[in-house]
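Only one chain is included here, represented as structure tokens and corresponding to the form predicted alone.
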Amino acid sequence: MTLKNALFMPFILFLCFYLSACSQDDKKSMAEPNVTDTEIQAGRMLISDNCSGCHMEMEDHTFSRISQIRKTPEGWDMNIARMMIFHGLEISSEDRKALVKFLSDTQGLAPSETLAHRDVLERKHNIIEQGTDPDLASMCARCHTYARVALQRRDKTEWQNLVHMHLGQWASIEYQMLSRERDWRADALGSVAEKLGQMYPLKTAAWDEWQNTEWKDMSGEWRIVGHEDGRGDFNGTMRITTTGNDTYKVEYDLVSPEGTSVTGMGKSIVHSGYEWRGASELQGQKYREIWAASKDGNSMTGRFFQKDHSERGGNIIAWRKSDTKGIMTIVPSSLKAGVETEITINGVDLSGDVSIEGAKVTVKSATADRVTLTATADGTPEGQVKITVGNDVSTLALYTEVDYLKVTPEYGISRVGGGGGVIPKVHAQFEATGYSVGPDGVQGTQDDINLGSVPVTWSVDNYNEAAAAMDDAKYAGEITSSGTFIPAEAGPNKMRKYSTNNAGDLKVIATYTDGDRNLTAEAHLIATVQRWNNPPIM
């Protein structure tokens, strides 16, 4: 290289770098924004038309008390409901939906900001929250779930405004919060608001990054698998077709846990680029869906549940068929040594030889979505073993016998209902999971093997002497063969002592039978009274 070329080379490199950067900037500028200027203008007009009577519009086009908050779709909808109930807001259903959509897209939460609290957001029943901040649990979670606090974002000043709102709306709150023992108001406005502003601030890198991430169109052919509590595993496909503005039509073609064909239709809307909210009807049963899409838009996870019984439902995994490949679920998830077992492998683009470590395998049928086989193992090695379809690998539990059971949930709640009233009963769904003690032969150690759901018989009994004295097991309700506890009707019962209602304190008992062996496990169940206020996020 000549001296002239050597001197000129840094300029060439700089020019290439500059042109590349400009090209990237041009690409960014040409990329379609997640929320267009037209949508922003329409959203501001919605707020102005419906909210500006109380919320002042500023010179920078923000609105007092609205623009300083970020929430989930449910959080925003609950806000609107509160404005209607307490402040007389009159708003059309179309405007209400459009406001929730606009606010969720422009002032929502990033996927990472909802991750720790999706159990509550997805309305899972009988969740005991873990890992909550003790100060905030004492201050906020006496009345709400901790998730209700953690699923919103405000700066310190706006958290203080929320305290003032509580004091103004519910004047007795200081007495309810044991204020005689401390200066509750000073705590709430001081150290607690400070901590909330630090832990859950309005502006975060996560939300900035998510707003600059391309939000994906969910249209396409999807593979869906799931587990419905009390029934078992299902699988199938769903065809998603866009209807514009992040709304979709969905066609379902599923195989139920009982092996029957289930078809249906649904519709959905996606908020904040990933929050799928759907309504569907399958074989006459109406369901609701709260799912979250992955960053690349090629998978979704979440929960579906019956419209009138949010406690009855299950979890799903969905993969876009055009952009994914591999094993999704194995049903059943365990194989008992010496027993020929039929196994179904669900996935996307499955192909190649099928094998299970330590087992003889016979393939009965195979498609790109599902492989059905029979397998027999000799029990060596016991534990998690490889199951392979071509180059795709997953695991299966290999065991010799069920050593013990666990009932989930360990602590359940049901609620009386009906009896001429408008509030339906709230069921409690239980499942029994089998375990092997594993190679070390000791229960409760790290090598114990989860064998998945096992067939059991269910019964209930009085939890303690006080429950026996009231004959709770007789009056509180009954449990079905699938582990669904159905509470009794609401209202006073003249047949009971003191003519009390049908509440009760019970233990739920699962019994597993294997030849001459009987294994049992128990859970605690409270059958209690109706909940009159049942918002999407408690």
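Note that residue numbering begins at 1 and tracks the sequence as displayed. Only a predicted model underlies this, so the values are computations on that prediction, with no experimental measurement involved.
The same protein also exists as the form predicted in complex with a small molecule; that form is not shown, yet it is the one meant from here on.
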Contact of Y411 with the small molecule in the model of the complex (heavy atom, 4.5 Å): no
Given that the partner is absent here, does Q176 sit within 4.5 Å of the small molecule in the model of the complex, heavy atoms only? yes
Even though the small molecule is not shown here, does M300 get within 4.5 Å of it in the model of the complex, heavy atoms only? no
Partner proximity in the model of the complex: F430 to the small molecule, non-hydrogen atom cutoff 4.5 Å: no
Could you tell me which stretch in 113 to 121, 325 to 333, 222 to 230, 134 to 142 has residues with non-hydrogen atoms within 4.5 Å of the small molecule in the model of the complex? 134 to 142
Only one of M83, V437, V354, A98 gets a heavy atom within 4.5 Å of the small molecule in the model of the complex. Which one? M83
Checked M78, V262, V361, V385 for heavy atoms within 4.5 Å of the small molecule in the model of the complex; positive is M78
